[in-house]
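Before any questions on how it binds or moves, here is one chain, the form predicted on its own, in structure tokens.
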Amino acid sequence: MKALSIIPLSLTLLAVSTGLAQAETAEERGLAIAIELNANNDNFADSTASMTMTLINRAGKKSVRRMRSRTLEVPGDGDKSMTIFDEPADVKGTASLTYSHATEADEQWLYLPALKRVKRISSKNKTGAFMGSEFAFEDIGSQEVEKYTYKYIGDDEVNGIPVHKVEAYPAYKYSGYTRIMNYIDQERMLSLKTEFFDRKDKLLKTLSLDEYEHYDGKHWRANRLEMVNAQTGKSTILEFSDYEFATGLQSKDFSSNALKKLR
């Protein structure tokens, strides 16, 4: 999440300089909150983590997958990220790669070991489910501030915690969402809940972010994410562990060719 290249400079400077309390319009206040939220996720250089993905169908049956994630911060643009599946056997070796961008369409690839080929995900197909989960391909890239326009809706509570409600409207093509409602912890400026509304403006799914940890006294990360589909009754839980930061990852570690060589 980087510089706001598509936001008019005068608006950006006004939102930052006036601060949350003095922002004049709902749009300026929403942008100011988004900027502060973004600041809690920046300047980590790179990171790695272990992940567990639990798929839960409408009947409550669970399917568990083990994965690893790698992320590289890219100054002036979106992050590069990779997810490698280790278990179970039927998905072992599958890997995804995302180049998030600020103002252009994200680039995404999926390596399918059974076919021994890298498949590029079309920008028109970002609404598709990521590996059968309730997360769409457009959900798994870094959410750059300038990908959206914003509006402050008001204050509320999530599990007794005071939050800001900020609505975000996708500024990029082919999104599956008309709007996204963010519930942001007022004290720590962390996202606690996100609601996604489909193209008919009906609630599609809700993401809850829990078990935040302040790694190295610098980097806030939610160790548990749960996405619940309001229309199908399905859900997906992502649990993170073993976070490491500034491990020395480089851009060459995030090429589409590198997907084929992962172990």
Partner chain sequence: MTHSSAQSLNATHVYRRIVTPVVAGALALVSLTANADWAYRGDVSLQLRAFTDNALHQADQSVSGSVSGNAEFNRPVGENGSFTISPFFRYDTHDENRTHVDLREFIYSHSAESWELNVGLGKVFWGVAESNNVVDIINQKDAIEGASPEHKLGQPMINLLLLRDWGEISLYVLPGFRERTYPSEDGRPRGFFTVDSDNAEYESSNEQNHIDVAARVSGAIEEWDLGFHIFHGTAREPTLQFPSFAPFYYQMTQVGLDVQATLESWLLKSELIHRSGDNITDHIQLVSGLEYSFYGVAESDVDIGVVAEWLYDDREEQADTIFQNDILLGFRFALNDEQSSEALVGVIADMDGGAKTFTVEASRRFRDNLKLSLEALIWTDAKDDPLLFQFAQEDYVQVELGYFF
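Model, not experiment: these values are computed from the prediction. Residue numbers count along the first chain shown, from 1. Heads up, when I say rigid core I mean the largest set of C-alphas that superpose within 1.5 Å between the two forms.
Below, we turn to the form predicted together with its partner chain, even though it does not appear here.
Contact between I121 and its partner chain in the predicted complex is found at the 4.5 Å heavy atom cutoff. Looking at R199, you'd find a heavy atom of it within 4.5 angstroms of its partner chain in the predicted complex. Using a 4.5 Å cutoff between non-hydrogen atoms, E187 does not count as a contact of its partner chain in the predicted complex. When its partner chain is considered in the predicted complex, T247 lies well away from it, no heavy atom lying within 4.5 Å.
Only one of 140 to 148, 110 to 118, 188 to 196, 160 to 168 places residue heavy atoms within 4.5 angstroms of its partner chain in the predicted complex, namely 110 to 118.
Taking a 4.5 Å heavy atom cutoff to its partner chain in the predicted complex, the contact residue among K205, R29, R70, R65 is R65. Interface residues of 83 to 115, taken as those with a heavy atom within 4.5 Å of its partner chain in the predicted complex (partner not displayed): P88, A89, D90, V91, K92, G93, E107, W109, P113, A114, L115, in sequence order. Residue displacement note: S123 has its CA displaced by at least 2 Å between this form and the one not shown (rigid core superposed). Whereas the shown form places them at one spacing, the Cα atoms of R68 and S123 lie at least 3 Å closer in the predicted complex.
In summary, the C-alpha positions of D79 and K124 converge in the predicted complex, ending up at least 3 angstroms nearer each other than in this conformation.
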